[in-house]
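Consider the single chain below, provided in structure tokens and representing the form predicted on its own.
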């Protein structure tokens, strides 16, 4: 087999790959931002004394974490319209990735809340803060700082999961790499360039998040 590498066709479509990479980053940012709110609410619910809220949160986390994300994507895009909820390709994927990230972040935040010293809440109440004020001004900021490394790991993982959006024809990086491959039959070239773009993007994301960790670290 005489296969000669030729990256010319990939470079001619490099602008498409860059636009797909940008869309993947945007999908990950939006999903983890909304998912963080879901995760916070579910984490407090899991630690609540109210059995109903605790049960709902446990069911949500258990169901989402034990279902492959690709199955969730197909269910949202193909099954929900049968129940009257029709979403576009991008909206459908963001909805799925948000629920998926929220379930994993619930456990991250729950662990961070459990690790907080009990005296922190009591100190907030002692200085006149309400229960909500204590959570907003004391518990959540300290907890976020403590779990930032885990949040960074989840963000990178979510960004890589955006490659699955190609399964429902969302035009992100994997979608365009597969399109170049199908049109030109340059298998090695298209997937090598796409892989390197993922690697470099994840490296810069990790570097930026490490810098943020150092900025927020307690001296």
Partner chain sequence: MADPLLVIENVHKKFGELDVLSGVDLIVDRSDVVSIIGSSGSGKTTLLRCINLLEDFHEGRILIDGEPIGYMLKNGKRQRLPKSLIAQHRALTGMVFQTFNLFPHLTALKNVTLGLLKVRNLKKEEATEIARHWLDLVGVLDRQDHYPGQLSGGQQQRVAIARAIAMNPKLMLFDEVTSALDPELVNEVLNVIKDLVSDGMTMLLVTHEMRFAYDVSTKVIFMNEGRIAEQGPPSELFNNPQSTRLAEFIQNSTF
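Computed from a predicted model, the values in this text were never measured in an experiment. Positions refer to the first chain, counted from 1.
The form predicted in complex with the partner chain is left out here; the points below concern that form.
Of the residues given (147, 113, 138, 99), 138 alone sits with a heavy atom within 4.5 Å of the partner chain in the predicted complex.
Contact check for residue 85: no non-hydrogen atom falls within 4.5 Å of the partner chain in the predicted complex. In the predicted complex, residue 91 stays away from the partner chain, with no heavy atom inside 4.5 Å.
Within 4.5 Å of any heavy atom of the partner chain in the predicted complex lies no heavy atom of residue 108. Along 123-147, these residues reach a heavy atom to within 4.5 Å of the partner chain in the predicted complex: 123, 124, 125, 126, 127, 128, 129, 130, 131, 136, 137, 138, 141, 142, 145.
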